[in-house]
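Considered here are two forms of the same protein chain, supplied as structure tokens in two stand-alone entries, structure 1 and structure 2.
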Structure 1
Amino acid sequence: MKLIFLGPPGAGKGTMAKRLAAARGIVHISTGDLFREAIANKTELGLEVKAIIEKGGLVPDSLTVRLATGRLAAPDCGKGFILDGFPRTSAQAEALEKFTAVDAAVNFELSEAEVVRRLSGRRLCPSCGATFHVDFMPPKTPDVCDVCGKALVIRKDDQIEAIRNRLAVYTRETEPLISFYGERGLLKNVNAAPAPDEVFAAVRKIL
């Protein structure tokens, strides 16, 4: 199954993509994770995108499309994939459409107030990428990763100013993709507000 996960920052795309990818044995591709990995490894790409990402802007389409299609061309994507955070502009959606067909675009709907609550309480493991929330999905020991025991960190773009910027960018650049996929009969809306188990059950049902 080839899927796109759409939705505002903090809607739970990554959390649900990890669970669904594990359940279905398909690949989870997060362009945000790929960029953060490049930043952590101080690669040429990482140095180029670091400042843009920390402020909550969008990486240029040409770079992002090259990164995403390069990843999609790998043999492990043959069984299916979940694209989390790509495409997020009309140009990216058009480029993807030329590259491969998808079966559905799942759109996670969440209010701005809830986005801010989720992102300001998010904690990330810099080592294994596991994601927690101080109130909604707390780790067993505060600030320690349940999976690998490393100290959790706060993403630089989870500061309130960057969150506001990401929301504005989302409304301007990414929200139009809801009609793009709606017109193609691929859109599946999911209410992302309930607890994780409930959202996950809704995703499985809709697919």
Structure 2
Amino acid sequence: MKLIFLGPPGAGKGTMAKRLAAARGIVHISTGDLFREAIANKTELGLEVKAIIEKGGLVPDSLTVRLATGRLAAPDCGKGFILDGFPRTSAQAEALEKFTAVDAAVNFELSEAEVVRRLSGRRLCPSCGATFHVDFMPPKTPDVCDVCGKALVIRKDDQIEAIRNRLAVYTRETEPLISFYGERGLLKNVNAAPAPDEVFAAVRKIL
């Protein structure tokens, strides 16, 4: 089974991908993880990506495609895979289509208001790395880490303005993929608003 997971930030794509990959015995491929691994291993691609990111630029489609297709060529992808974070643009989708066929593109639907609530409510302990959420997993004492007692912080990309910028980028670059896969009869929509177990049950049902 070869799948693509689509949806706005905060929709739970990564969580669902990990659960489904474990249940089906297939590989979960996160583009973000691929970038971090390539940079850490100082591969040729990794060094190119690092240089671009450090200058504040966007990684071009060509590099992202090379990194993703290189991973997809690995033997462990033979039984199937779930792509999380790739493709992000129509150009990447067209390149993937030339490389391999996919069975479905699962689109996790979530309102902008809920995306903002989920992401802006996250809290991180800069000392021990523990994570919390003001609604879903609040600390015992507001803004204080349960583990080490340090003050919790909001990550820069979880600030309201940053979230809205991320949503704008998603709308501009990634939402067109919904039409791309819809026209090919591969799109499967899932309501990402319910609790994780309910969303996971819905994903398994449509697949």
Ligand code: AP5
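Fair warning: this is a prediction, and the values are worked out from it, not measured in the lab. By rigid core we mean the largest C-alpha set that fits within 1.5 Å across both forms. Numbers follow structure 1, counted from its first residue as 1.
The chain appears twice here, and it is structure 2 that represents the form predicted on its own. Taking the rigid core as fixed, one finds a CA shift for Arg36 of 2 Å or more between structures 1 and 2.
Once both forms are fitted on their core, a CA shift of 2 Å or more is seen for Asp146 between structures 1 and 2. After superposition on the rigid core, displacement of the C-alpha of Ile26 between structures 1 and 2 stays below 2 Å. Core-aligned Cα shift between structures 1 and 2 at Gly46: this is 5.3 Å.
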